[in-house]
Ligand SMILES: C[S@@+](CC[C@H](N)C(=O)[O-])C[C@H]1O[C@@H](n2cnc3c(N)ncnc32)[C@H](O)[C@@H]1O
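Listed next as C-alpha coordinates is one chain, alone, in the form predicted on its own.
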(Lines give C-alpha, C1' and ligand atoms only; values in the text may rest on other atoms or scores of the structure.)
Protein backbone atom coordinates (compact mmCIF):
# COMPACT_ATOMS: atom_id res chain seq x y z
CA UNK A 1 0.00 0.00 0.00
CA UNK A 2 1.12 3.57 -0.62
CA UNK A 3 3.69 4.77 1.93
CA UNK A 4 1.91 8.06 2.60
CA UNK A 5 -1.17 6.13 3.77
CA UNK A 6 0.90 4.08 6.18
CA UNK A 7 2.57 7.25 7.45
CA UNK A 8 -0.84 8.78 8.20
CA UNK A 9 -2.04 5.78 10.19
CA UNK A 10 1.19 5.38 12.09
CA UNK A 11 1.14 9.07 13.06
CA UNK A 12 -2.55 8.94 14.03
CA UNK A 13 -2.58 5.50 15.70
CA UNK A 14 -2.68 6.76 19.28
CA UNK A 15 -5.33 9.41 18.61
CA UNK A 16 -7.42 6.92 16.63
CA UNK A 17 -7.28 4.32 19.39
CA UNK A 18 -8.37 6.93 21.94
CA UNK A 19 -11.27 8.00 19.72
CA UNK A 20 -12.50 4.42 19.23
CA UNK A 21 -11.74 3.57 22.87
CA UNK A 22 -12.63 -0.11 22.62
CA UNK A 23 -16.25 0.54 21.66
CA UNK A 24 -16.46 2.90 18.68
CA UNK A 25 -18.02 6.33 18.25
CA UNK A 26 -21.76 7.00 18.72
CA UNK A 27 -22.18 6.55 14.96
CA UNK A 28 -20.60 3.10 15.23
CA UNK A 29 -22.57 2.03 18.28
CA UNK A 30 -26.02 3.34 17.32
CA UNK A 31 -26.01 3.07 13.51
CA UNK A 32 -23.33 0.87 11.97
CA UNK A 33 -22.57 -1.90 14.47
CA UNK A 34 -26.20 -3.05 14.95
CA UNK A 35 -26.51 -3.44 11.18
CA UNK A 36 -23.25 -5.39 10.91
CA UNK A 37 -24.25 -7.62 13.83
CA UNK A 38 -27.49 -8.58 12.06
CA UNK A 39 -25.63 -9.38 8.83
CA UNK A 40 -22.96 -11.40 10.66
CA UNK A 41 -25.57 -13.59 12.34
CA UNK A 42 -24.50 -16.36 14.71
CA UNK A 43 -20.70 -16.37 14.60
CA UNK A 44 -20.08 -19.07 17.20
CA UNK A 45 -17.42 -21.43 15.88
CA UNK A 46 -16.88 -19.35 12.72
CA UNK A 47 -13.45 -18.25 11.54
CA UNK A 48 -13.46 -14.51 10.87
CA UNK A 49 -10.93 -12.19 9.28
CA UNK A 50 -11.19 -8.65 10.66
CA UNK A 51 -9.57 -6.94 7.67
CA UNK A 52 -8.22 -3.55 8.69
CA UNK A 53 -8.93 -4.18 12.36
CA UNK A 54 -7.58 -0.85 13.63
CA UNK A 55 -7.33 -0.99 17.42
CA UNK A 56 -9.18 -4.29 17.44
CA UNK A 57 -12.51 -3.63 19.12
CA UNK A 58 -14.60 -5.61 16.59
CA UNK A 59 -12.14 -8.49 16.87
CA UNK A 60 -12.91 -8.46 20.59
CA UNK A 61 -16.68 -8.26 20.02
CA UNK A 62 -16.81 -11.33 17.79
CA UNK A 63 -14.28 -13.30 19.84
CA UNK A 64 -16.55 -12.80 22.85
CA UNK A 65 -19.42 -14.11 20.72
CA UNK A 66 -17.52 -17.37 20.17
CA UNK A 67 -15.75 -16.76 16.85
CA UNK A 68 -12.14 -17.56 16.01
CA UNK A 69 -10.84 -14.17 14.88
CA UNK A 70 -7.73 -13.07 13.01
CA UNK A 71 -7.25 -9.29 12.95
CA UNK A 72 -4.94 -7.71 10.38
CA UNK A 73 -3.87 -4.13 9.85
CA UNK A 74 -1.01 -2.57 7.93
CA UNK A 75 -0.15 -0.25 10.84
CA UNK A 76 2.37 -1.88 13.22
CA UNK A 77 1.41 0.65 15.91
CA UNK A 78 -2.28 -0.26 15.74
CA UNK A 79 -1.49 -3.97 15.84
CA UNK A 80 0.76 -3.43 18.86
CA UNK A 81 -2.04 -1.51 20.59
CA UNK A 82 -4.51 -4.31 19.77
CA UNK A 83 -2.20 -7.02 21.08
CA UNK A 84 -1.67 -5.13 24.32
CA UNK A 85 -5.28 -4.11 24.87
CA UNK A 86 -6.78 -7.55 24.19
CA UNK A 87 -3.93 -9.74 25.42
CA UNK A 88 -6.35 -11.68 27.62
CA UNK A 89 -8.36 -12.87 24.61
CA UNK A 90 -7.47 -15.55 22.07
CA UNK A 91 -7.19 -13.24 19.05
CA UNK A 92 -4.42 -13.49 16.46
CA UNK A 93 -3.34 -10.01 15.40
CA UNK A 94 -1.04 -9.69 12.38
CA UNK A 95 0.64 -6.83 10.55
CA UNK A 96 -0.58 -7.35 6.99
CA UNK A 97 -1.70 -5.28 4.02
CA UNK A 98 -5.21 -6.14 2.81
CA UNK A 99 -4.03 -5.45 -0.74
CA UNK A 100 -1.70 -8.44 -0.44
CA UNK A 101 -2.53 -10.85 2.36
CA UNK A 102 0.56 -13.01 1.96
CA UNK A 103 0.49 -14.47 5.52
CA UNK A 104 -2.97 -15.95 4.94
CA UNK A 105 -3.80 -19.18 3.09
CA UNK A 106 -6.56 -19.75 0.55
CA UNK A 107 -10.09 -20.79 1.53
CA UNK A 108 -9.69 -20.54 5.31
CA UNK A 109 -12.28 -18.01 6.53
CA UNK A 110 -16.05 -18.24 6.93
CA UNK A 111 -16.47 -14.44 7.05
CA UNK A 112 -14.31 -11.49 6.03
CA UNK A 113 -15.35 -8.30 7.82
CA UNK A 114 -13.92 -5.06 6.45
CA UNK A 115 -15.36 -2.21 8.49
CA UNK A 116 -14.81 1.35 7.21
CA UNK A 117 -11.53 0.47 5.52
CA UNK A 118 -12.05 0.28 1.75
CA UNK A 119 -12.68 4.04 1.54
CA UNK A 120 -9.17 4.64 2.96
CA UNK A 121 -7.23 2.56 0.42
CA UNK A 122 -6.29 2.85 -3.24
CA UNK A 123 -6.33 -0.88 -4.04
CA UNK A 124 -10.04 -1.69 -4.02
CA UNK A 125 -9.71 -4.34 -6.73
CA UNK A 126 -6.73 -6.12 -5.15
CA UNK A 127 -8.24 -6.14 -1.67
CA UNK A 128 -11.50 -7.68 -2.91
CA UNK A 129 -9.49 -10.30 -4.83
CA UNK A 130 -7.59 -11.14 -1.64
CA UNK A 131 -10.81 -11.40 0.36
CA UNK A 132 -12.21 -13.75 -2.27
CA UNK A 133 -9.05 -15.87 -2.13
CA UNK A 134 -9.00 -16.35 1.64
CA UNK A 135 -12.74 -17.04 1.96
CA UNK A 136 -13.95 -20.61 1.73
CA UNK A 137 -16.68 -21.36 -0.86
CA UNK A 138 -19.98 -20.34 0.70
CA UNK A 139 -18.26 -17.77 2.90
CA UNK A 140 -19.33 -14.15 3.16
CA UNK A 141 -17.72 -10.75 2.79
CA UNK A 142 -19.30 -7.92 4.79
CA UNK A 143 -17.92 -4.43 4.33
CA UNK A 144 -18.99 -0.91 5.19
CA UNK A 145 -18.06 2.52 3.86
CA UNK A 146 -19.25 6.05 4.45
CA UNK A 147 -22.16 6.38 2.04
CA UNK A 148 -20.69 7.36 -1.36
CA UNK A 149 -23.70 9.47 -2.38
CA UNK A 150 -23.52 11.56 0.81
CA UNK A 151 -19.81 11.44 1.44
CA UNK A 152 -18.77 13.99 4.07
CA UNK A 153 -15.16 12.81 3.64
CA UNK A 154 -15.32 13.41 -0.10
CA UNK A 155 -17.36 15.72 -2.34
CA UNK A 156 -20.26 16.31 0.08
CA UNK A 157 -20.97 18.48 3.10
CA UNK A 158 -23.82 19.61 5.31
CA UNK A 159 -24.86 23.24 5.27
CA UNK A 160 -25.10 23.78 9.01
CA UNK A 161 -27.13 26.09 11.21
CA UNK A 162 -27.11 26.84 14.90
CA UNK A 163 -25.95 24.36 17.54
CA UNK A 164 -28.74 22.19 18.95
CA UNK A 165 -29.21 22.44 22.69
CA UNK A 166 -27.97 19.43 24.68
CA UNK A 167 -26.45 17.61 21.67
CA UNK A 168 -23.31 19.60 20.89
CA UNK A 169 -24.10 19.23 17.17
CA UNK A 170 -25.18 21.90 14.72
CA UNK A 171 -28.51 21.68 12.93
CA UNK A 172 -28.36 20.31 9.39
CA UNK A 173 -30.02 22.72 6.96
CA UNK A 174 -29.46 20.67 3.78
CA UNK A 175 -26.79 18.46 2.21
CA UNK A 176 -24.62 19.70 -0.65
CA UNK A 177 -22.81 17.41 -3.09
CA UNK A 178 -21.18 18.01 -6.46
CA UNK A 179 -18.84 16.08 -8.77
CA UNK A 180 -20.14 12.74 -7.47
CA UNK A 181 -18.71 10.93 -10.49
CA UNK A 182 -15.20 12.30 -9.98
CA UNK A 183 -13.37 9.55 -8.11
CA UNK A 184 -10.34 10.94 -6.31
CA UNK A 185 -8.48 11.21 -3.02
CA UNK A 186 -9.54 13.69 -0.35
CA UNK A 187 -7.60 14.47 2.81
CA UNK A 188 -9.46 15.26 6.02
CA UNK A 189 -8.23 16.24 9.49
CA UNK A 190 -10.11 14.37 12.18
CA UNK A 191 -10.68 15.71 15.69
CA UNK A 192 -10.40 13.96 19.03
CA UNK A 193 -13.25 13.75 21.53
CA UNK A 194 -11.79 16.89 23.13
CA UNK A 195 -11.80 18.77 19.82
CA UNK A 196 -8.06 18.63 19.19
CA UNK A 197 -6.85 17.88 15.67
CA UNK A 198 -5.16 14.54 14.89
CA UNK A 199 -1.40 14.72 14.14
CA UNK A 200 -1.98 14.21 10.39
CA UNK A 201 -4.81 14.26 7.89
CA UNK A 202 -6.35 10.98 6.74
CA UNK A 203 -6.79 10.09 3.07
CA UNK A 204 -10.26 9.11 1.85
CA UNK A 205 -10.89 7.78 -1.65
CA UNK A 206 -14.27 8.77 -3.03
CA UNK A 207 -15.88 6.17 -5.30
CA UNK A 208 -19.38 5.82 -6.68
CA UNK A 209 -21.81 3.17 -5.48
CA UNK A 210 -21.60 1.50 -8.88
CA UNK A 211 -17.81 1.26 -8.61
CA UNK A 212 -18.07 -0.61 -5.30
CA UNK A 213 -20.90 -2.89 -6.42
CA UNK A 214 -19.49 -3.70 -9.86
CA UNK A 215 -16.04 -4.44 -8.43
CA UNK A 216 -17.63 -6.88 -5.96
CA UNK A 217 -19.46 -8.63 -8.81
CA UNK A 218 -16.44 -8.58 -11.15
CA UNK A 219 -14.34 -10.24 -8.45
CA UNK A 220 -16.71 -13.21 -8.52
CA UNK A 221 -18.85 -12.53 -5.45
CA UNK A 222 -22.62 -12.91 -5.46
CA UNK A 223 -24.13 -9.75 -4.03
CA UNK A 224 -26.72 -10.67 -1.41
CA UNK A 225 -27.74 -7.41 0.30
CA UNK A 226 -27.16 -3.67 0.49
CA UNK A 227 -28.03 -1.76 3.66
CA UNK A 228 -28.28 1.96 4.46
CA UNK A 229 -28.70 1.69 8.23
CA UNK A 230 -30.71 4.13 10.28
CA UNK A 231 -29.96 5.02 13.92
CA UNK A 232 -31.47 2.53 16.34
CA UNK A 233 -32.55 5.29 18.72
CA UNK A 234 -34.82 8.30 18.29
CA UNK A 235 -32.52 11.01 19.59
CA UNK A 236 -31.98 14.59 18.45
CA UNK A 237 -28.24 13.86 18.21
CA UNK A 238 -28.92 11.73 15.12
CA UNK A 239 -31.29 14.13 13.35
CA UNK A 240 -29.04 14.37 10.26
CA UNK A 241 -28.52 10.59 10.05
CA UNK A 242 -32.30 9.97 10.06
CA UNK A 243 -32.64 12.27 7.03
CA UNK A 244 -29.68 11.08 4.92
CA UNK A 245 -27.81 7.76 5.31
CA UNK A 246 -24.31 8.02 6.74
CA UNK A 247 -23.16 4.46 5.93
CA UNK A 248 -23.49 1.89 3.16
CA UNK A 249 -23.08 -1.78 4.12
CA UNK A 250 -22.61 -4.63 1.64
CA UNK A 251 -22.85 -8.40 2.09
CA UNK A 252 -21.66 -10.74 -0.66
CA UNK A 253 -21.10 -14.48 -0.93
CA UNK A 254 -18.25 -16.45 -2.47
CA UNK A 255 -20.09 -19.14 -4.50
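Residue numbers count along the first chain shown, from 1. Keep in mind it's a predicted model, so treat the numbers as computed, not measured.
The protein also exists as the form predicted together with this ligand; that form is not presented, and the subsequent description refers to it.
Participant: Looking at 91, 135, 98, 81, which is the one with a non-hydrogen atom within 4.5 Å of this ligand in the predicted complex?
Facilitator: The option sitting close enough to the partner is 98.
Participant: Work out which of 116, 104, 149, 152 lies within 4.5 Å of this ligand in the predicted complex, going by heavy atoms.
Facilitator: Contact with this ligand in the predicted complex is made by 116 alone.
Participant: Tell me which of 152 to 160, 67 to 75, 165 to 173, 181 to 189 has residues with heavy atoms within 4.5 angstroms of this ligand in the predicted complex?
Facilitator: Going by heavy atoms within 4.5 Å, the stretch is 67 to 75.
Participant: Residue-level contact is defined here as any heavy atom of the residue lying within 4.5 Å of this ligand in the predicted complex; does residue 17 satisfy this criterion?
Facilitator: No, residue 17 sits far enough from this ligand in the predicted complex that none of its heavy atoms falls within 4.5 Å.
Participant: May I ask you to state whether residue 216 is within 4.5 Å of this ligand in the predicted complex, using heavy atom distances?
Facilitator: No - in the predicted complex, heavy atoms of residue 216 and this ligand never come within 4.5 Å of each other.
Participant: Answer yes if any heavy atom of residue 229 is within 4.5 Å of a heavy atom of this ligand in the predicted complex; otherwise answer no.
Facilitator: Contact with this ligand, no.
Participant: Residue 142 versus this ligand, in the predicted complex: is there a non-hydrogen atom within 4.5 Å?
Facilitator: Residue 142 lies outside the contact set for this ligand.
Participant: Taking this ligand as it sits in the predicted complex, which residues of 146 to 163 have a non-hydrogen atom within 4.5 Å of it? Please list them.
Facilitator: Result: empty, none.
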